[in-house]
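Both blocks below hold the same protein chain, though in two forms, and each is given as structure tokens: structure 1 and structure 2.
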Structure 1
Amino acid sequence: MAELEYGGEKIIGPGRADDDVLRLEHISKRFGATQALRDVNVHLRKGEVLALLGDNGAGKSTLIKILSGFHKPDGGTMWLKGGAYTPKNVDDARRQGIDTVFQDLALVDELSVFHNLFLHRERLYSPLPFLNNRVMRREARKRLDEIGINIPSLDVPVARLSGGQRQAIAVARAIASESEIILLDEPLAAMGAKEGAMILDLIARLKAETSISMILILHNYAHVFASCDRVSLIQNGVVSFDRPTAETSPDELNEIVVEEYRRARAAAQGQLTS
């Protein structure tokens, strides 16, 4: 099999890269005249937390939607646990072990905490098609306690919870579906320090106590270095930087982003004067 060079590592053949649980090579995606992704290479190890960084429009959310089965790539190849990965849709991706927590969380505000945890996975009184609320409430409490999420009442509508609690419920639902890989699209967006710390603690606990792999779209470098093992930076539809967090720094990342801004500004000024 062909030997590939990626991220400073030798990868031999499809699906045989050391302990990678997920690998993407040469992924591209276009929307009309816009080239969202050009040639993206990403890999994820079992139990690893990967930060995905990039400016608005760099292609981060598009990549997450491809992984989650929402979009199909125009080109490239994906491998999951050593086999070809071509999800037909979001439900198919979930069946294969990849679940996504988007910014809107996909929670139903009027439903209770435990009903949201079992949304589309409801427990019924077999063979009767009635909700078994007692079982769902008991299992919800057990699962939330196991990952350290403190929500006093499981009967309260999620609309009455804080942003951090709502995010935690969405993550807990992904875990309850026995996902092996969880994708989180800006999990700390618009959160205060206290709520953000709650989610960072949850991510740290999952990392320490499970073998779940995670990809997080983040913007705050403090969050990256507090919770992630490795960072990949997307610029203009390609991964321009990929390194363990222990081998880089906020200053280095900031300098790369500032240089991108300088080039973009110089290009814009050149267009104005031409």
Structure 2
Amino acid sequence: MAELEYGGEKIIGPGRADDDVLRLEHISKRFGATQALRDVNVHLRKGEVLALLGDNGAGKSTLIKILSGFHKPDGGTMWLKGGAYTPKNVDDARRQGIDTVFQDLALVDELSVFHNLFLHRERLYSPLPFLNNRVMRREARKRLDEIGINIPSLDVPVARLSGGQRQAIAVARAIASESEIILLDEPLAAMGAKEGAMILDLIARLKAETSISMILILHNYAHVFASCDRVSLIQNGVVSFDRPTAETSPDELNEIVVEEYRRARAAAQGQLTS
């Protein structure tokens, strides 16, 4: 993996492995005046769990949304299993095997648990256009039992559920789609220790029992080192650090982040004094 230096800034160049399922090179994305991503290079190997770290506003969610087909990148190239990957929308990405748990979960508060689990994947009484609630309710129960999530009633609107239960439903929805790649944007946010452990167990099980590849956005280093094979750090819209978890340590990651704070503080003070 090439580490390039641009004006004192470290940027991880395009990397690759023979068993890559996904590869992103030179991805950039701007929202109005905000350059969210400048030159992002990421690759993901089959069955690998990649942790994506970065400060608030670093561009992690933006990257996930580009991968999930929600945003289009301004520049750069993406490959999925060797072929060019240009998802037209979220559905298209899902069809190609990439499913996402968004940071905001994409749940509809007013709808029931099972309608949320099947949102935009509804079962119908084909050929009639009517929703087959019975089948959806039954399958929802089965799925939630399988992954060990306890939700007393599938009929209550999800607005009634705890943060952890909501998170679990969003995760259950993504992993049910038989995708080969699952993107999870802060899947442990809003979770208590017990619920968080349940999701981490689930990720470990998926990793052990399937060949699903995952990108996880996490904040807690303990989680990163417990669950992930590799870690990439996004700073200022670029990936500035990329290493297998076996070859780095929480201390090293901390060091990098502290350094980032130091530079940000210096820059802020420079602005104040000038």
Partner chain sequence: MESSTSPPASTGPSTPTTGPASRRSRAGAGLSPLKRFLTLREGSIVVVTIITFVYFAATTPHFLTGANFKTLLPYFAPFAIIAAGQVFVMTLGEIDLSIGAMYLWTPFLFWKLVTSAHFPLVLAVIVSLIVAALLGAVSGYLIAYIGIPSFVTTLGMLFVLDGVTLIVSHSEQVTTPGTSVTHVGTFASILGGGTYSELIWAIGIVIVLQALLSSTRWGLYTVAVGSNKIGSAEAGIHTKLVIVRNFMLCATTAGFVGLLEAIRTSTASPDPSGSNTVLLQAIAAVIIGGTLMTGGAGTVVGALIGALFLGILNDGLVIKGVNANYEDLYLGLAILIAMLVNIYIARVRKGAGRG
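Not measured: the values here are computed from a predicted model. Only the largest set of C-alpha atoms that superpose within 1.5 Å between the two forms is called the rigid core. Every residue number counts along structure 1's sequence, beginning with 1.
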item: Structure corresponding to the form predicted alone; value: 1
item: Core fit, then V113 C-alpha moves 2 Å or more between structures 1 and 2; value: yes
item: E122: Cα shift of 2 Å or greater between structures 1 and 2 (core-aligned); value: yes
item: G164 C-alpha shift between structures 1 and 2 of 2 Å or more, rigid core reference; value: yes
item: Shift in Å of the C-alpha at N132 between structures 1 and 2 after core superposition; value: 4.8
